[in-house]
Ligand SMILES: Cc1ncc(COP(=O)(O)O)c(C=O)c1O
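First, one chain by itself: the form predicted on its own, in structure tokens.
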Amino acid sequence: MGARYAIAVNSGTAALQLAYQEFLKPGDEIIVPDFTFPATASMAIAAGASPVLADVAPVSCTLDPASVEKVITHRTRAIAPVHLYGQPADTAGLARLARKHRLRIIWDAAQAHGAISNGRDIGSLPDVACFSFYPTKNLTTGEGGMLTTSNKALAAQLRLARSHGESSRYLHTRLGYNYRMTDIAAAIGIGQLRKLPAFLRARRRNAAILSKGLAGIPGLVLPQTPGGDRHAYCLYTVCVNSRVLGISRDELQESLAAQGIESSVHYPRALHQQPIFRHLGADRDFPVSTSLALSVLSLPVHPALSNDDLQRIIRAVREAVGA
């Protein structure tokens, strides 16, 4: 990836918690996207900090720098952008914002193995990137995760923290956890790592076929990646504008299911709509994330799909919307 250090752990959630606790202390705030998996925010709480929600951009579904800047306070210490679905966040815009306000960045790259931003692998961005190796990801160890960084001191502390603060056998120098990756998981991961380039080529090829086949359908917004960026396509997620399309996201999903085509919703609720985080957005509006929760639908894009499979998906979507 171009980072100097990689620290294997037993889940992407553990990776986030370890990263947060190195940069945050009780009372600190970290800005997270309102549209993401709950771990991005909940691990900030586990580390003793307070997550602050910001809205996302409508096309990329990733953290909107303008929304971030509105909620920065004297307590803000970091930003946690998510490369959602494998789409790189606005790394340049967020990095400028971090420099301006002297903030750290913890990149949630759980879905973004192999994503490229401005010609650079997202795993090499400062300060630290957190990956998940859950079975649905581009690379899996069954269950696992990893942190990547080029900060030598940070890497050393992360290695201590993942294994009970043990600097040598039975010498414990700081608080730590049992967040080690198992040898079995690592063995699986080594095999997966060799296959990752081929997996990424297949996902990008499949995404290109889907985008070509679904292009021009009014009300169906397809994934779009700015020049210089490369989507990793952990998920191929479209947005359904029901007013224009004449069919809701849920109706489209039901139609595909009736034809034996599985799809999924990531995610049916924004964080401010989750009971555990509702208090964080009680006095604010999140128009983009609220809309996305009603409109996003992920279509199959995995490497095992054949050309016939892809054409079947395209036909099914077009038939469902009358295109």
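Quick caveat, the model's predicted, so the values are computed rather than measured. We number the residues from 1 along the sequence you see.
There is also a form predicted together with the named molecule; it is not shown, and the following applies to it.
Proximity to the named molecule in the model of the complex holds for none of Cys61, Pro65 and Leu94, with the criterion being a heavy atom within 4.5 Å. Contact annotation: Gln87 falls outside 4.5 Å of the named molecule in the model of the complex, judged by heavy atom distances.
At a distance threshold of 4.5 angstroms between non-hydrogen atoms, Val82 is in contact with the named molecule in the model of the complex. Put simply, Thr36 is close to the named molecule in the model of the complex: some heavy atom of it is within 4.5 Å. In the model of the complex, no heavy atom of Gln17 sits within 4.5 Å of the named molecule. With the named molecule left out of view, the stretch that reaches within 4.5 Å of it through heavy atoms in the model of the complex is, among 209-217, 168-176, 237-245, 107-115, 107-115. Contacts between 6-24 and the named molecule, taken as any heavy atom within 4.5 Å in the model of the complex, involve Ser11, Gly12, Thr13, Leu16.
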